[in-house]
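The form predicted on its own is given below as one chain in structure tokens.
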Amino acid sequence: MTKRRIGITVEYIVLTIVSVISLFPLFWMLMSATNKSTDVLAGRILPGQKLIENMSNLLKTANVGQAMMNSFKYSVLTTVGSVLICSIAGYAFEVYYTKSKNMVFNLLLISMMIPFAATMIPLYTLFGKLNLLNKTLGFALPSLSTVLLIFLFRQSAQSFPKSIIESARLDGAGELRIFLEFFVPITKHTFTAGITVAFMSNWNNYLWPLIIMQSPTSRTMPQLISGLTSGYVTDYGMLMLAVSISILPTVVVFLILQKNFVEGITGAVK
């Protein structure tokens, strides 16, 4: 056996081990959703026969349909808004020249080190004065501009051919037309990655919805799952079923967009 074949074999063995370790929590969660609570606590990892019973208990305990609809509505709205705003910001940081743009961008990067818990109380006080509690706009506003997405789109704009912009300007094209007709199609992989990251982040957002959406009818899936553990006795089979249902939209979005996700994260431009 040649050294190259040995290397490939070792590589496949390591990747297989890492894949099994990574997928085991997901497998355990799905198996737990089919077992009763005592079996889950006992560490059973084989399929059970309590799936229908767990589903029935979940539907009796919580309004899953409404929570799913709330999460979907808030996530789609916030994802569309944040990708639109952050793509324009990232493009502008790279294409337009001002003396202070790098300083402003560095300040944005530094702000990533500030935990959300440190700004949570001032934000809640401000949104209360603006009468935005229990409002969709109040939920979405803090997530419409994220430094990570601005950084991602600026990295993509750095590899965007500047000659296209100059040629379009010479032909009389406006800045909005250049952005929409040239930058967006050429960097579609980055937009795909941005949509994936933003949707997953907003769908799994727990802390901000917990304090801004106080009405029972506006609860999201993370809030609903948290509520299932607040009783005296927790039904872990039902809980695992609720978690399994809650990850379905993010899995679907990732599977649909995964083809361009890696290229988008690396800022590749074709």
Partner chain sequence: MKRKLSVLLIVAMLVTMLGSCGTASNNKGGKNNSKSSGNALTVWCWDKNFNIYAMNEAAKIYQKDHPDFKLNVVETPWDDVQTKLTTAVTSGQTGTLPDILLMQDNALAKNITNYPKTFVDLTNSGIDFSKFAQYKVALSTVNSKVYGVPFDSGTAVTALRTDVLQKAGYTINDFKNITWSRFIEIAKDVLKKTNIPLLSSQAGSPDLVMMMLQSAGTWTFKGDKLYISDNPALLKAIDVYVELVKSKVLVEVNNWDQYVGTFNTGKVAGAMTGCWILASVQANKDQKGKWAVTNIPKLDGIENATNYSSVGGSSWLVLSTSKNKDLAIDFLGKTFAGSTELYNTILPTSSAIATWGPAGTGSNYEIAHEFFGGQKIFQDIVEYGKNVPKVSYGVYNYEARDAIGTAITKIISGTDKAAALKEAESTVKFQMGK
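Numbering follows the first chain given and starts at 1. Since the model is a prediction, treat every value here as computed from it, not as a measurement.
Note that the form predicted together with the partner chain isn't included here; everything after this is about it.
Contact with the partner chain, judged by heavy atoms within 4.5 Å in the model of the complex, is confined among 197-205, 48-56, 241-249, 218-226 to 218-226. For the options 84, 186, 164, 148, the residue carrying a heavy atom within 4.5 angstroms of the partner chain in the model of the complex is 84.
This chain is displayed alone, yet in the model of the complex one of 74, 93, 160, 191 has a heavy atom within 4.5 Å of the partner chain; that residue is 74. When the partner chain is considered in the model of the complex, residue 131 lines it closely, a heavy atom lying within 4.5 Å. The partner chain is not drawn, but in the model of the complex it has no heavy atom within 4.5 Å of residue 26. Of the heavy atoms in residue 155, none are within 4.5 Å of the partner chain in the model of the complex. Although the partner is absent here, residue 30 is not a contact residue: none of its heavy atoms lies within 4.5 angstroms of the partner chain in the model of the complex. Taking the partner chain as positioned in the model of the complex, the residues of 208-241 that bring a heavy atom within 4.5 Å of it are, in sequence order, 210, 211, 213, 214, 215, 216, 217, 218, 219, 226, 227, 230, 231, 232, 233, 236.
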